[in-house]
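Listed next as structure tokens is one chain, alone, in the form predicted on its own.
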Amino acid sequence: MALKKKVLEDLQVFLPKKAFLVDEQVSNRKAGGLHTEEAIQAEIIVRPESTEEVSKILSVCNQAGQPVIVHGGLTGLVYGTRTSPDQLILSLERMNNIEEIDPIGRTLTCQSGVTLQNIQEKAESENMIFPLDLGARGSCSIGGNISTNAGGNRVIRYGMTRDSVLGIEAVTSDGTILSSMNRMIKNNAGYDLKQLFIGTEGTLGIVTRCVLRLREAPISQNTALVGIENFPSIITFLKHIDSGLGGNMSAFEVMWKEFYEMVTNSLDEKSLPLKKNIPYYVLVESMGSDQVKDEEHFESLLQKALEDSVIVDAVLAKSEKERKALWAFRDDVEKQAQYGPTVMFDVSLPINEMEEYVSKVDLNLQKYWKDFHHIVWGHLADGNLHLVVGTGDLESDTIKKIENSVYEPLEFIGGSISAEHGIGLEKKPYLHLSRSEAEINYMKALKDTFDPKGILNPGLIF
């Protein structure tokens, strides 16, 4: 099948030539995500500049029954941007204006194609922060962050993306503009309709503009990498450091030994912040109001943990350069490429179930393979783990066995198959493990209500 000819003709009536990408401009692009070099299959990319243009595009497509795939920064990890020749790509890349920043109300208003990093930098220029932070900050768009309810490194203190979104403007499948550009933290005047477009992966409507909540920039920032010998001590250290910091802990990232070895195996032992072969490494960070006093207190908490044998070693960053160097280890996920073809997972589960869960996944994998790579790390304090599994190939049967090994144990401990990446095309066969039949039926009812012809990101989620 091919793109409906009349759709293109109708779009050319009101869109300028620069709004269209065709031929090699399309085929030279990749579908996005860490694990794919897959070329885009669609024939055309349409790039609107405003909410009004998005509205007109969807109105045309809805009348013709034309499927539309929405593209943001193309950094998603669940194949939500895959396309076929009969689908039209609507890219928000030209909708990249920061419209206003309000230092008094502590808000930032922008279009959805603005990158996360640009938002962060704009906030910092006014001595504020936008707390959402993840490794793809330079490429991912805020519209994509909103549509997937992205998590990242600071969820334990600031929450998911939805906790930093005050207002949204979205366009539904028939071209209706639903503008709810609220600027207030408190607004209980009826249904909070913006929640329908946060985390629903563009299946109910396309987010075109938003009002974001900013926070005052912290004056101090302290970061340490610590080594821990066993999982119970991780929990002890988490409670010790979190209570000791009095709400100032902003990150608690745990790396299993195999992850630390993966990101450091090309480095000389003398250049490492901590020696290898420690079972667990924790990157912990705090944000506060007095660099001298906060650093002294932070260091005293680490010292107490060392004295009590909760941790076995620690290194405290003494400069911004050293802080970034420690985070670089944690963010260097692409080092998994050294193991050949791999599959990455994003799961959520109770902290006290994690040690047994990881062991169960290992046992499941051992049923199929003698040799495999199983790398684990994640935002442990908020219940989110990432796993990478490599067994030598990515044949469909191999992927299915790996997925079953990882997902099956979650059903019995109340875990989620997706903590922060969404469902997309990749995880939808396993949605029933984390959502009841009644929940899925209500999700489908919402989809039928907002998109009765099923043109928006068809096939995603269920």
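Keep in mind that what you see is a predicted model, and the values were worked out from it rather than measured. Numbers follow the displayed sequence, beginning with 1.
Only in words, not in the display: the form predicted together with a small molecule, which the text now covers.
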| query | finding |
| --- | --- |
| Which of 256-264, 297-305, 355-363, 139-147 sits within 4.5 Å of the small molecule in the model of the complex, heavy atom basis | 139-147 |
| Contact residue in the model of the complex, chosen from I228, V376, L77, I119 - any heavy atom within 4.5 Å of the small molecule | L77 |
| Triplet D242, V284 and G288 all within 4.5 Å of the small molecule in the model of the complex via a heavy atom | no |
| Any non-hydrogen atom of L196 within 4.5 angstroms of the small molecule in the model of the complex | no |
| Contact test in the model of the complex: H421 vs the small molecule, heavy atoms, 4.5 Å | yes |
| Non-hydrogen atom contact D382 with the small molecule in the model of the complex at 4.5 angstroms | no |
| E201, heavy atom within 4.5 angstroms of the small molecule in the model of the complex | yes |
